[in-house]
Structure formats: structure tokens, C-alpha cells
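Coming up is one lone chain in C-alpha cells, specifically the form predicted alone.
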């Protein structure tokens, strides 16, 4: 019988170890049994071996569902028939604690690799799910109509649907490794995370024995065109794009940036690469507005359009910094982890102009061959401000880097 949610209950503080039932986590161990499961359950507190809880930013919605009486707080997921559709790994990178620090490489297979622990009553949740899907985009259909793409009924169907394997990945942070990536001490990282979330997770500063944190942030989704196992074979041509979320452009087609056109161009390149016998990959991260958020992004749009002289490329980054205090908070240091989870050692064609993404990928030990820029005809007129500013700031371009005069003369439309 479910407990009455209106009945008074003691609030259990978790600032001190209970010492009963929690399984140890040995990050980077060679087997899942040695590594141990990630247990972020709220149903049996003594079993918890991490800070935070599952579902990232959606954990708050789970709390609302419990508070509203729509969800039994003791519910445990029935994982029958939820196994991944494609086998990914294990790869050598999984057991290198320096290669993967922001996701659980065993997160898709917990029902298999932690079957004994599940049978013993531990509430272990997958943090990765792998499935099959069709992706249908009007730009891909247009490419078929114009003859750039040809259906093969393997990668691309006659109606324009692309066949993909896709995986959703929740963030799982190994705090010592995250601190090392950002060049700070673990104690400083813990303290700042605690303070800047308004003290949401006291265990960050009181439980140094807990080294894994499930942060309340968005995760990422990957789309694989072709055989997922080929991603780990450096002899198979890999076309890849790492894309950061931009709801306004990606979904609603805003023309102030190049996000959707670059994304759809990358998908077209991935389809062509897979049809050549290679494999394509799009890794999509939830980092809206350079991880500044959509409210801040829209405030910046207004500041750019209303400034004296109008929206010019030479002031592009300055306006963001005036509002947000920083130009960009995406910090690509953690981004290569998903590539290492997939076993990637070489990207033959990187569909990206970002110097930050390129530096993070190559700095993590992954070789990059050709870099593919966005075709000029795909850049919306109002996005020229962003594109010229980024080229001047170090983005890859086969063209001439714009000078100060060009930046000043490149202007977007007014509000």
C-alpha cells in the first residue's frame, strides 16, 4: 500500500554518511562489477552513493509529480525490454579515468551488468538509453528533390526519412576528474557548485566521500547514421558534428544565427558519408544560448539591436559580455567524453568551424582530418554579424579573416 503523501514525515538530512548499504564507486575500473553502480535513488537513502538524483533538470518535475500525488515516490522502473538496440562498447577509453568524467559509460546496460545488485533490491536507473528512429527534415527532402541526396533504402528512405541509431545521455560527473579538466581543485569546485546553486546540494561540501554528482542540467542526444560499431574504427570514414542547442533556430528557424542551417547541412553530410560506406554522427548538447540560457540570449539580442550604430560584428561579443558577464559558458572541456564513450579515435570530417570544439576534441587525443565549414549560401543575412565576428575571433574559415573595417561594416537588421 502506498504511503499517504499528506502524512507528516521526518526530513532526513544527508550531510553525514549513514554507513549502511551504499556500494562503492571506483571510477575508471576495468569492469562494471569493480566500478560499481550509480545509485541516485530517493527510495532507500542508505543505498545512495552519489550526490543529487537522476533525470538531470527533469528531477524537479519528478518532485512535482510526487508532491501532486501523481507519482508514487517508491516507484521503481520496470526495465523489461528496455535494453539498447545497438551494442556500444566497452572500449579502452571507458577504463581511463581521464577520458570520461561527465557520463557513466555503463549507463545503458545497468539491467545486464548490475543484475545481481538489482535483484538484491538496489534501485539502479539507466542514465543512457539507445534506440532506433527515423529522422525526417524538410531540408533533407529538399536535398533529395534537388539531387544532392539519393535514397538508398538503407540510410535514406524514398520518403526522405533518415534511419538512425540515437542515444539519450544524462550527465554523471566524477568530481575529481571534472575539477582536473577545469584546472581547479576539487574542494573549490565543490564549494562553488554548492554556493552558486543556492546551497541546493550540501553533500558537495559535507560528503567528500561521495565523488560522483548527478547535476540538475540538460544532457545530450546523439544520432548515428550507419553502423554504430564503426565509430570506433579509425579506418572507417567518420563525418561528425558536435552541436549545442539553439531552440530559436533549431526548432523555429530564427535567422539571427546559423544553428539550424549548419545542423541540417551536417545531417546531409552525415547521410552522404554513411552512404559512401562510412558513418555519421551528430552529438546534440542541451546548452541553450551558449549555456547562458534563453532569457539572457534574448536580452543580448535586444542590446545588440538597440546599441548606437546598430547590430555590428565588431560589438558582437561585447554585448553578450555586458549582459552575461562572460562571452560563453559552454566550456567544451567535457564535450569529448561522449566521443570517447563511442570509442572514437579519429574524425575524418568535422562539420564545425568552432575553434573551441576543435581544440577540445584534439586536446583529448582524438585526431581530426578535414574541417567542413558552412556553405555561404546557407548563412541567413541577419546571421552575417555572428559569422564574421566568430571568424575574426578564431573560428576556422578557408576565406580571408575579416579585419576591423569589415567587422564594423557588417551590420544586422534593426528590431
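Numbering follows the first chain given and starts at 1. Values in this document were obtained by computation on a predicted structure and should not be read as measured data.
What comes next is about the form predicted together with a further copy of the same chain, which is not displayed.
With the partner omitted from this view, the residue of 111, 144, 232, 189 that lies near a further copy of the same chain in the predicted bound form is 189 [heavy atom within 4.5 Å].
Distance criterion of 4.5 Å from any heavy atom to a further copy of the same chain in the predicted bound form singles out 301 from the list 122, 301, 91, 317. Of the candidate stretches 97-105, 260-268, 336-344, 113-121, only 260-268 has residues with heavy atoms within 4.5 Å of a further copy of the same chain in the predicted bound form. When contacts are defined as a non-hydrogen atom within 4.5 Å, none of 149, 236 and 366 contacts a further copy of the same chain in the predicted bound form.
a further copy of the same chain in the predicted bound form comes within 4.5 Å of no heavy atom belonging to residue 242. In the predicted bound form, a further copy of the same chain stays beyond 4.5 Å of every heavy atom belonging to residue 278. a further copy of the same chain in the predicted bound form is approached by residue 70, whose closest heavy atom lies within 4.5 angstroms of it. Put simply, residue 250 is close to a further copy of the same chain in the predicted bound form: some heavy atom of it is within 4.5 Å. In the predicted bound form, 126, 127, 128, 129, 130, 131, 132 are the residues of 113-132 with at least one heavy atom within 4.5 Å of a further copy of the same chain, listed from first to last.
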